[in-house]
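What follows is a single chain, given as structure tokens, in the form predicted alone.
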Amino acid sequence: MRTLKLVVEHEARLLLADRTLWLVSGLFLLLVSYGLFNGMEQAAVKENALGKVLEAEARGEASRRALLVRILNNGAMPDPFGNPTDPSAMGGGYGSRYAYMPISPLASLAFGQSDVRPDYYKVTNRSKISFIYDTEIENPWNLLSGHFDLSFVIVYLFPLLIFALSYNFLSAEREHGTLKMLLSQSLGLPTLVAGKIAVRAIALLLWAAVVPLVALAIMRPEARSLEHVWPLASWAAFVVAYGGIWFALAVAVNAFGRSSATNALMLVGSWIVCVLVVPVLLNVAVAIVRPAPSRTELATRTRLVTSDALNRNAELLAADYQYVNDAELLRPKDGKIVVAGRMRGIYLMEKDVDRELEGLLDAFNVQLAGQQRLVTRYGALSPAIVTYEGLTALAGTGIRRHLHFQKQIDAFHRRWRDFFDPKILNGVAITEEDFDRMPRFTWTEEDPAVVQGGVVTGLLQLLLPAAGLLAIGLWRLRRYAVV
């Protein structure tokens, strides 16, 4: 240990004097800071948007309740398109409520696919097509754009900075003729390698794993709660394990005794394969093995089913507005109200659409979940995939949390329809008590055991290859030719 400490101190002085460590550390700190700043900014934007939506919902609900009281008690005349006593209006867009997924306090660390997957939906008694599948998340602009966040820095750029410091830590000593002199002392080659790697690992992992968490704890006090200690520690563990793979690779490459130029080519080539090529090939393979249902088919089926539903309910949809000649029809009487034929027809049509397309809509979520399972199973082929999946899962921005949100939306949509269905079909007016009984969305977080299991699996998928590469490096060091 005393010899290792001397090697670490000597190597640190050399790197600082050479300014290499200063330059790489400065660049890395700049990238980490910018990525974290972007993540915090985007998280704040989404939080503000969600807050405004919920505030607007609360104001609208209070306004509708006050109007309903005036209609029932003072005989106020309701608006035909904004009648809080009409179940078809309250179940539709006029009285709708939002289903939302709270922004995780750790979302700043990895923004994931939050820019293309909404955090809230306006749930009505209409078909799910109208509020969930009304956007094309595979739009090329959405896929090509995105945000430069901390996870991007860690997954894509962190390995390159490791290479910048480590590609020639042993080959340069050999090429300069100093390795033989160093090993003539009471110093073993593994100890020398361990000391050189330790300096580089401590310097870079400090910026990658410690500084972001400290900054997050300062900028977002809610992230300091006890419930977030484990996710933060796991996030740091993923970064350390991911860095460990690339440091172990640098040791293995240097241990083969090639030139510094060859080492650089081998390391960059490995980065290209693991970070760029394998994820693309896996994505193609997953799309072939578990293809998602065609959105063209969904659009075509939707048009056909809607057309059939329009024909079935044509008589109701073509009904005249009776309240034009008799405004009293807008007022409830003895707990009953006349639901306009057109509104009843729209509701029945949307219900038919959902029933006919339920299987196809469920297939999207089933296939997406299946694709995610394949990525989790074979993602170990690329440490970049494992790390990205782990970082986004811990930050609450991963695909699995969104699928969990999707299930809760489906359940809330069914409860919303079940509440208004008998009222619309039987012409039952909405009362003030109904405002309190109307379904309200309540978010339920993912099962912590599932998240923890994914973290353990991901860390093992990173640590085992790192241990294997390190074992190869130590094996080759025994046969290393000093001259």
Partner chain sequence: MLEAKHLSKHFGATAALDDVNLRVDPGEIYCLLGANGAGKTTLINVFLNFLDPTEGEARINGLDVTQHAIETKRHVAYIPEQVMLYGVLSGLENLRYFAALATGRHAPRAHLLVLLSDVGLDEAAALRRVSTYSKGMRQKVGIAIAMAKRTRALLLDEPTSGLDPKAANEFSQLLRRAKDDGVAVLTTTHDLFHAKQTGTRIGIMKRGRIVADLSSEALSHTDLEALYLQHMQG
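Residue numbers count along the first chain shown, from 1. Treat the numbers as computed from the prediction; the structure is a model and nothing was measured.
Here the subject shifts to the form predicted together with its partner chain, a form of this protein not shown in this document.
- Its partner chain in the model of the complex comes within 4.5 Å of no heavy atom belonging to L460.
- None of the heavy atoms of P102 is located within 4.5 Å of its partner chain in the model of the complex.
- In the model of the complex, L477 stays away from its partner chain, with no heavy atom inside 4.5 Å.
- Remark: L14 counts among the residues lining its partner chain in the model of the complex, judged by a heavy atom distance of 4.5 Å or less.
- Contact with its partner chain, judged by heavy atoms within 4.5 Å in the model of the complex, is confined among 184 to 192, 151 to 159, 342 to 350, 104 to 112 to 184 to 192.
- Out of the listed residues G335, G269, G75, G177, G177 is the one that sits within 4.5 Å of its partner chain in the model of the complex by at least one heavy atom.
- Of all the residues from 35 to 67, none has a non-hydrogen atom no more than 4.5 Å from its partner chain in the model of the complex.
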